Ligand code: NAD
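Form predicted alone, single chain, as structure tokens, below.
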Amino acid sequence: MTVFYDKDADLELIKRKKVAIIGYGSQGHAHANNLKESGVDVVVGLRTGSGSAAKAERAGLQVAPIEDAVAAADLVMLLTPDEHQVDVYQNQIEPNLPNGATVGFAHGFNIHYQLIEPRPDVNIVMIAPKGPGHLVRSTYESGRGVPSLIAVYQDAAGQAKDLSLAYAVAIGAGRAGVIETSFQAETETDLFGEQSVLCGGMMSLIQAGYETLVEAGYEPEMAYFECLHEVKLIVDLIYEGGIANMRYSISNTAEYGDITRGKRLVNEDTRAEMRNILEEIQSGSFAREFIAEHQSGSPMLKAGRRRAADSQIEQVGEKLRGMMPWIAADRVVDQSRN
């Protein structure tokens, strides 16, 4: 595996291009602002009436309708949600895309599952930061960066890899490391990590641990601290130096409980279900399920959001976080700006 850094890229390559960032959500705002501050000519393409236009303009960015932004661009980075990308690409990007232009993605979903079938005359690339957009922005501002993957699906006009690497460096990824991969590998590993560990697995484990303590008669506040609040403290230690570093820092009691009890929770039945989840991703059945959910109005997603908002753990957490004003002062996500 080869890891690329700032020194390996020709930043002038991306500086000579007009870049259109389509969307101004978590990833969109980060890419647009980081590129601008790296000296890249950037325009943000938004639908008419988008509530994000004012945020982008306050950040000093040029804003244009999607069609106009695409028509003037050498590189178009599509950063709208996965479920909206097919419609945006077919109706607003492709009809206005100059010959020989480059279209970039931060996730391989729609290309890998062939929901978007690009014209043969354009480059199709991926620059995928390995972290949420809000961290891509905040780490860049602090002089650091989030590692990124790059991939080339179609190199019709040439320099696709070099351009991808230059783009990754311009958003700060070259400070941490850039790895070349494929659309398939990025898509399948990303979905699996989200579903089985980072989001689905971890959130379900936190919720189940909290509910187990509360149902046993313990105070909700105690359950919140033990099963949610301290997760960050543990993850920070793992992030800093791996699992061994975390175990070095915790007590012998905690380490013994980790080694002897963790495997009772994540056992062979859990691993079998992980393999089932991976097979659904590899076969495309999850992608079809997700698109069907969107096309039906996202009833499961909306119901899940309502349940989460009304849950006791969220209400208790809001109260306890209010006791620690530095959390809000240092927050990465500020919905009024990003």
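These figures come from a predicted structure and were not determined experimentally. Each residue number is its position in the shown sequence, starting from 1.
From this point on, the text means the form predicted together with this ligand, which you will not see here.
Task: in the predicted complex, the residue from R47, R275, K302, R288 that sits within 4.5 Å of this ligand by heavy atoms - done: Here the answer is residue option R47.
Task: Contacting member of D82, E188, E94, D74, with respect to this ligand in the predicted complex [4.5 Å, heavy atom] - done: Looking at D82, E188, E94, D74 one by one, just D82 meets the 4.5 Å heavy-atom criterion.
TODO: May I ask you to state whether S52 is within 4.5 Å of this ligand in the predicted complex, using heavy atom distances?
DONE: Yes, S52 sits close enough to this ligand in the predicted complex that at least one of its heavy atoms falls within 4.5 Å.
Task: Distance check, S26 to this ligand in the predicted complex, heavy atom within 4.5 Å - done: Looking in the predicted complex, residue contacts with this ligand include S26, since a heavy atom lies within 4.5 Å.
- [ ] Mark P118 yes when one of its heavy atoms lies within 4.5 Å of a heavy atom of this ligand in the predicted complex, and no otherwise.
- [x] No - in the predicted complex, heavy atoms of P118 and this ligand never come within 4.5 Å of each other.
Open item on the list: Even though the partner isn't displayed, in the predicted complex is P132 close enough to this ligand, meaning a heavy atom within 4.5 Å?
Closed with: Yes, contact at 4.5 Å.
Task: Answer range among 137-145, 259-267, 169-177, 102-110 for contact with this ligand, defined in the predicted complex as heavy atoms within 4.5 Å - done: Only one stretch passes the 4.5 Å heavy-atom test: 102-110.
Open item on the list: For a quick check, can you give me the residues of 59-75 that have a heavy atom within 4.5 Å of this ligand in the predicted complex?
Closed with: Sequence-ordered list has one entry, I66.
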